[in-house]
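What follows is a single chain, given as structure tokens, in the form predicted on its own.
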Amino acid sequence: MSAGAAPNRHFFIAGAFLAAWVLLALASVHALMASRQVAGQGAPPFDWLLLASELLRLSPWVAAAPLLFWLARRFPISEQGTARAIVVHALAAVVLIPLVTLCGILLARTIEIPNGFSSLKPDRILWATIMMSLYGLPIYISVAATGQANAYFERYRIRERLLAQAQLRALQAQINPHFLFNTLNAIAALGHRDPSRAEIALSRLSELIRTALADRGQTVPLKDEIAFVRGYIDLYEVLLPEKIRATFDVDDEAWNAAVPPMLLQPLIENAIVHGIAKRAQGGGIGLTARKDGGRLTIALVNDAADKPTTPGNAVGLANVRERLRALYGNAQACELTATVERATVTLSLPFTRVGAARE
């Protein structure tokens, strides 16, 4: 859930309670006017004073709703504590229902209505409170049940977020060793032929490792991710001199788009290892990034190998897909298209800036 989703949900709940408050008052007024008609008083015009009185009488329930929501969060009815929660809510009902009902009656008495609460004698207020509390019980149960449902939703959302974070950390842990071992193998092969270049490659690899192992959160600016893969390409230019031709074409708005860290490195690695490295004359890698409305589209194109090769285990591409799915659900796409000449990976995900809510 994005940063703006929770306030929007809270506004929705508040609006729903206000609407329910007005509808309940209207229903009560309709019932009272119908009883007048049945009593032979004719069909009176709509009584706006009666509506105002009912709104005042029911308004303490609106004020009590945050307390009931807090009780629902503090004492949720769940498998672990059902009995305790029921006892707490029952005790709260015994205290709150008469108190809220009394406050409503006192507020309704402020409006002068014939045969209304304003004509209720002080010594009859206690009796009226007891009788009206019976009608307050369904209201209490409805508000408390809504609070329980909202509390359950919040717990479910927190669990889902924690599970997603754990999954992302596990996927991130897969990338770093894969990236490290593949690069070290390439450097080891170079070391037998050209120790000096292997030493330069090791130096560049150490810089990349420091960045890769840093805790950078769930998302980073696209410009930081591109800076990392440029360093990765520089490393492979030492391993494969004069074979890699890389180009980057990024919209101004896309530079600050939020993307998962190490999103592009597995794709660049696949492009080099399974494409460029297996071309006698080398080849090109082109990366484009565009903001298209509320989405970010990234396309990575590379020249294919001279001859068809046995496909790898696709750990990098599968990892990218799983991480995008964990972060964005069905609001993302990762597609691979390949021909005898080139391979293209296209990513599409919601456009957000780092630290901002999703647009």
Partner chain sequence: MTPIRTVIVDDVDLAREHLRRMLAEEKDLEIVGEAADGRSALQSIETLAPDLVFLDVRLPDMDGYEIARRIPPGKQPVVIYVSAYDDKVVEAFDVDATDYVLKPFDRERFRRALDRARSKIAPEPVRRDYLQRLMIKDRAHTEIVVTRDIDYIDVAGHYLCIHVGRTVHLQRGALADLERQLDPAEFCRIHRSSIVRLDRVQSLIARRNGDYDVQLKTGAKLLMSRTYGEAARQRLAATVI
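Positions refer to the first chain, counted from 1. Remember, it's a predicted structure, so these values are computed and weren't measured experimentally.
Just so it is clear, the following notes concern the form predicted in complex with its partner chain, a form of the same protein that is not shown.
Its partner chain in the predicted complex is approached by residue 203, whose closest heavy atom lies within 4.5 angstroms of it. Although the partner is absent here, residue 123 lies well away from its partner chain in the predicted complex, with no heavy atom inside 4.5 Å. Of the heavy atoms in residue 290, some are within 4.5 Å of its partner chain in the predicted complex. Taking non-hydrogen atoms only, residue 248 approaches its partner chain to within 4.5 angstroms in the predicted complex. Checked against its partner chain in the predicted complex, the residues 274, 109, 279, 223 give one hit for a heavy atom within 4.5 Å, which is 223. Proximity to its partner chain in the predicted complex, defined as a heavy atom within 4.5 Å, singles out one entry of 255, 181, 152, 135, which is 255. Across the proposed site, 227, 230 and 244 without exception bring a heavy atom within 4.5 Å of its partner chain in the predicted complex.
Remark: of stretches 260-268, 88-96, 138-146, 233-241, the one touching its partner chain in the predicted complex is 233-241 (heavy atom within 4.5 Å).
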